[in-house]
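The data below hold one chain only, encoded as C-alpha cells and taken in the form predicted alone.
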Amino acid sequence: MKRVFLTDRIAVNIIDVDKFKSNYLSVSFVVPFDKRSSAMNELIMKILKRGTKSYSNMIELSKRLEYLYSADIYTKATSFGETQLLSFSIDALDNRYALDNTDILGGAMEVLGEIIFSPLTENGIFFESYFESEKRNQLDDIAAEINNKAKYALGRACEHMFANESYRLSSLGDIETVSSFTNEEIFAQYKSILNSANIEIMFVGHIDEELLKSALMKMLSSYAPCKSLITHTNVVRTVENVKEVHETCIGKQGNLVMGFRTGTVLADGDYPKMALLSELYGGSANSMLFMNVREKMSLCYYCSSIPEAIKGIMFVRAGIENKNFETARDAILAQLDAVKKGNFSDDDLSAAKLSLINAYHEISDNPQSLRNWYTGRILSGITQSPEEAIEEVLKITKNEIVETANKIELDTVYFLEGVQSGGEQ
C-alpha cells in the first residue's frame, strides 16, 4: 500500500492490484464516535443516498449508474474502536473493459461527489420527505434489533460493559434519541462534518496515480474544512470489578455474552499474537471452545470468540439452555484458564495458525476486506500488510500465546434468558 496526501487533511491510500476487473474507491470522513452524533451520522448517510441536485431520486441515480456499466455506490457508517468512518464507496468496472471508451470511474466519481456535497434540499435543509422516511426506517431498524436475539444480547452487553465509554457496536442509536432528531439538527450536523472532518481515501485497483489524484481533487473541490476534529479510542487494559447482568426476553434459548479486556491492541504492533490466541481459543471449528464446550460438553448451540483490535476487547458468545448458564460460563472461563497455563498441544496451535493464515490470505481476494484491513491499521499508526501478518503468525510460539493470554481479564458477563412470556422488551 502506498500512502500520499492531497492536502494536509486528505490522505490517499493506494493498493495497486491488477487482479480485479473493477476498481474500488472509498472516501471516508473520520469523526469521533459518540451516542448522539453517531446516530445522527447514520441517518445522514441514508438521506444522502436518496437524491442529489442533479439526480433528485433513487431512480435517476440508478439510471446514471446503470449507464456506467452498472457501477455501485454505497454509503455506510462504520466504527473502528471509538472512531466512526462515514464512507462513500464506488465499485466500478475498470475503464479498460469499457466497449465505448466510457470513463466509468470518472463518471462514478462525479455521481459520488454529488452525493457527498450536493444533496437534494428544500428551505436550506434536507428534502423533508427523505428526512422523515429515513428517520422512520432507522427507528424501525432499532425496534427490529430484538428480533435477532444473539445480536441484541451483544448490544446489551456492550451497553453495560462500556457504560462510561463512547464505544458501542451499533451506530443506530436508541428510540428516544432518534425520535428527538429534527431536520434542522441533522443538516447542521452534516455541514459540521464537511467543515471539520479529515478524509481518508482508499483505492483498490489499477490506475495511473497522477490521474487518480487529479480526479480526486476535482471531486473534492468543495471540501474546505476550517475546523479540526480529534478522534481517539480510550483503551482500558485492566478490570477492577467484574459485572454480571441478567435480563429476560421472549425466546426459546438463552444468549450468553462474556466481555474481556485483552490488554493488547493493534497499535502495540504485535497484534497477530492476540489474533492467533482468539483463533485457538474460540475462532474456528477446531478451537478449544468449539471442541470442548460445544462438542464434548454439549453446553451450547454455538460458542465462539470475537476480538476487536483497536479497542482491545474480546467477546465470547454462546447460545445455551437457560439451565446451563453457570456451567457454560464456568466452562468458557476454564478453557481460557487452560490457554493461560499452556494446556494446549502443538497440533492445536498449528491448526489455529493454519486457520488464521487462510483467513488472512482471503483478505486479498476482496477489495472491501483490504479496505477494512488497512483502515484499522492506518487508524492505529501501523502499515502491516496481510502478507506481513502471516509471516508473524508463522513465528509465534506457545510461550508467546501464554504470555498474551495472561493479559486478558474478564469484565462483563451478560445473560439474556429466553422465556415464554413476560420478557423485557
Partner chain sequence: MMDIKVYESEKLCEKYFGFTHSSGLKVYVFPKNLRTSYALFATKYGSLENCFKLASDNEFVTVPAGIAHFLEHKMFENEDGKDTFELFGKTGASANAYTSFDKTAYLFSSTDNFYESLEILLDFVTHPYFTPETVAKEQGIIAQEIQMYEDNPNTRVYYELMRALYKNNDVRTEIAGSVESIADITADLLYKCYNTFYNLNNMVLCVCGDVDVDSVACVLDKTLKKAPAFNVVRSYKEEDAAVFKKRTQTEMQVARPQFAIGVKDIDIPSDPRVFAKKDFGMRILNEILFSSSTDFFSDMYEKGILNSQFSCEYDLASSFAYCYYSGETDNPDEFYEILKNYIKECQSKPVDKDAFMRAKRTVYADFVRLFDSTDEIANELVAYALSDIDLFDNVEILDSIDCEYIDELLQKQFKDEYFALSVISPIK
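Positions refer to the first chain, counted from 1. Superpose the two forms; the largest set of C-alphas matching within 1.5 Å is the rigid core. Everything numeric here is computed off the predicted structure, so don't read it as measured data.
From this point on, the text means the form predicted together with its partner chain, which you will not see here.
Q: Residues Asp91, Asn147 and Lys252 are flagged as a possible site; in the predicted complex, is every one of them within 4.5 Å of its partner chain by some non-hydrogen atom?
A: Spot residues vs its partner chain: full contact, yes.
Q: Considering its partner chain in the predicted complex, find the one stretch among 347 to 355, 309 to 317, 117 to 125, 217 to 225 with heavy atoms no farther than 4.5 Å from it.
A: Of the options, only 347 to 355 has residues within 4.5 Å of the partner.
Q: Classify Arg50 as contacting or not contacting its partner chain in the predicted complex by the rule of any non-hydrogen atom within 4.5 angstroms, answering yes or no.
A: Yes, contact at 4.5 Å.
Q: I'd like to check something about Ala98: if you look in the predicted complex, is any of its heavy atoms closer than or equal to 4.5 Å to a heavy atom of its partner chain?
A: Heavy-atom contact with its partner chain at 4.5 Å: present for Ala98.
Q: Just checking whether Leu394 would be counted as a contact of its partner chain in the predicted complex - the rule being heavy atoms within 4.5 angstroms.
A: Answer no; every heavy atom of Leu394 is more than 4.5 Å from its partner chain in the predicted complex.
Q: Can Glu388 be called a contact residue for its partner chain in the predicted complex at 4.5 Å between heavy atoms?
A: No, no contact at 4.5 Å.
Q: So which of Glu185, Glu209, Glu295, Glu326 reaches within 4.5 angstroms of its partner chain in the predicted complex, heavy atom to heavy atom?
A: Selected residue: Glu295.
Q: Of these, Asp330, Asp72, Glu176, Asp337, which has a heavy atom no more than 4.5 Å from its partner chain in the predicted complex?
A: Flagged contact: Asp72.
Q: Quick one: name the residues from 282 to 297 with any non-hydrogen atom within 4.5 angstroms of its partner chain in the predicted complex.
A: If the 4.5 Å heavy-atom criterion is applied to its partner chain in the predicted complex, 282 to 297 yields Ala285, Asn286, Phe290, Met291, Arg294, Glu295.
Q: For Ile363, decide whether the Cα shift between this form and the one not shown is 2 Å or greater, given a superposition on the rigid core.
A: No, the C-alpha moves less than 2 Å.
Q: Rigid core fitted, then: does Asp337 show a CA shift of 2 angstroms or greater between this form and the one not shown?
A: After core superposition, the displacement of the Asp337 C-alpha between this form and the one not shown stays below 2 Å, so no.
Q: Aligning on the core only, does the CA of Ala71 end up 2 angstroms or more away between this form and the one not shown?
A: The answer is yes, as the C-alpha of Ala71 shifts between this form and the one not shown by 2 Å or more after core alignment.
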